[in-house]
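A lone chain, given as structure tokens: the form predicted alone.
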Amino acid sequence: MSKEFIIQAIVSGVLMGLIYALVAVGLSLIFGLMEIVNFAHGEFLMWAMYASFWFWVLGLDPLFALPLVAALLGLAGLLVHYGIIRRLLTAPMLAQVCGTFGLAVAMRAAAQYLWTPDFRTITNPLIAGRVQIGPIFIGQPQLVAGAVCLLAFVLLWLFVTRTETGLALQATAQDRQAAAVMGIPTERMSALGWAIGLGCVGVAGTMLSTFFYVFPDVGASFAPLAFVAVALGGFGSILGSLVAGVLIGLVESLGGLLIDPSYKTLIVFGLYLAVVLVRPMGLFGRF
């Protein structure tokens, strides 16, 4: 095994890990604010990819459709919060689980009904081809997707840590009742969290559609890794989602190269189990 293959796998793993991280941070943000696990998160990723695809059919490249898809997913987050989640806050945990799980089933079934189970691809996007750096080849769609996801992460981090609204989001996540006493509109913060969380999914789905197949079950391929990234990084931790997403991408890529491609997902879950045995709240979680 030459070092060029290993470096190639590391680069590919980091770029894919940045996409995992952006998907996971939306899930982490929602859980941190409301302690509700969104089991429909993968299906929202799938719908974002379909939105990007249909914009491309209409003649709009994914790069230009990116803000539109992110806005549509953010609007979907507001609708889901006010239409479903708000009604489940005082319900038993089983009802909350069934609510988001039922939403996932409905969204997947709707996609199959509307667009059939066929695989679709975006051909000849604006960003295509590959870049060669010495003996290393990097696909331009993957490179741009990783860069856009990293930029989105930086903007999210700055928003949460440097703005008054972001600090209000943190306060709501830390102690909802105390935040309400201090005059923070916790209901609006929760709705904003859903909008931002699904907006991040919209960005990730749009960039993923430039080099990955679009089909109704695509969310099921990425949702488990997003859940692992959230748990591995620490529930509610934005930085933890970034580190865990990149780590999962690296382990998946290197594990598939050095051991066996059929075991790469098993290796990722094995890493997660090893970490949670030592630190149950994840790498950046709080006990």
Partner chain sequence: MPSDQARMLEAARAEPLWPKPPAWATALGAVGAAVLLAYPLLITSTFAQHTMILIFLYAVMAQSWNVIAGLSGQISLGHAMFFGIGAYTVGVLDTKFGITPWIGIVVGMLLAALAAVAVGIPTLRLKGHYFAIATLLIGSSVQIIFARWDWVGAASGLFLPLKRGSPWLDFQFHTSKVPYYYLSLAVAVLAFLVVWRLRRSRLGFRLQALRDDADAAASLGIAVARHKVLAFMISGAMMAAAGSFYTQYVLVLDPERVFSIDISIIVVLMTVVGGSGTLWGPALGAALLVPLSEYSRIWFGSTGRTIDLMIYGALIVAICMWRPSGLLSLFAERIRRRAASP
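So that the term is clear: the rigid core is the largest set of C-alpha atoms that superpose within 1.5 Å between two forms. Nothing here was measured: the structure is a model prediction, and the numbers come from that model. Positions refer to the first chain, counted from 1.
Keep in mind the form predicted together with the partner chain is missing from the figure; the text below concerns it.
Peer 1: Within 4.5 Å of the partner chain in the predicted bound form - does that hold for a heavy atom of every one of 20, 189 and 248?
Peer 2: Looking in the predicted bound form, the three residues 20, 189 and 248 all stay beyond 4.5 Å of the partner chain (heavy atoms).
Peer 1: Would you mind picking out the stretch of 79 to 87, 119 to 127, 148 to 156, 164 to 172 that comes within 4.5 angstroms of the partner chain in the predicted bound form, counting non-hydrogen atoms?
Peer 2: Correct option: 79 to 87.
Peer 1: Taking the partner chain as it sits in the predicted bound form, is residue 67 near enough to touch it, meaning that at least one heavy atom pair lies within 4.5 angstroms?
Peer 2: Flag for residue 67 set to no.
Peer 1: Is residue 31 part of the interface with the partner chain in the predicted bound form - any heavy atom within 4.5 Å?
Peer 2: Within the cut-off, so yes.
Peer 1: So in the predicted bound form, is the partner chain close enough to residue 94 to count as touching (4.5 Å, heavy atoms)?
Peer 2: Yes - in the predicted bound form, heavy atoms of residue 94 and the partner chain come within 4.5 Å of each other.
Peer 1: Tell me, yes or no, whether residue 185 is in contact with the partner chain in the predicted bound form, where a contact means a heavy atom of each within 4.5 Å.
Peer 2: Because no heavy atom of residue 185 falls inside 4.5 Å of the partner chain in the predicted bound form, the answer is no.
Peer 1: Scan 219 to 246 and write down, in order along the chain, each residue with a heavy atom lying within 4.5 Å of the partner chain in the predicted bound form.
Peer 2: Read in sequence order, the residues that approach the partner chain (within 4.5 Å, in the predicted bound form) are 224, 227, 228, 235.
Peer 1: Once everything's superposed on the core, is residue 14 shifted 2 Å or more at the Cα between this form and the one not shown?
Peer 2: The answer is no; the displacement is under 2 Å.
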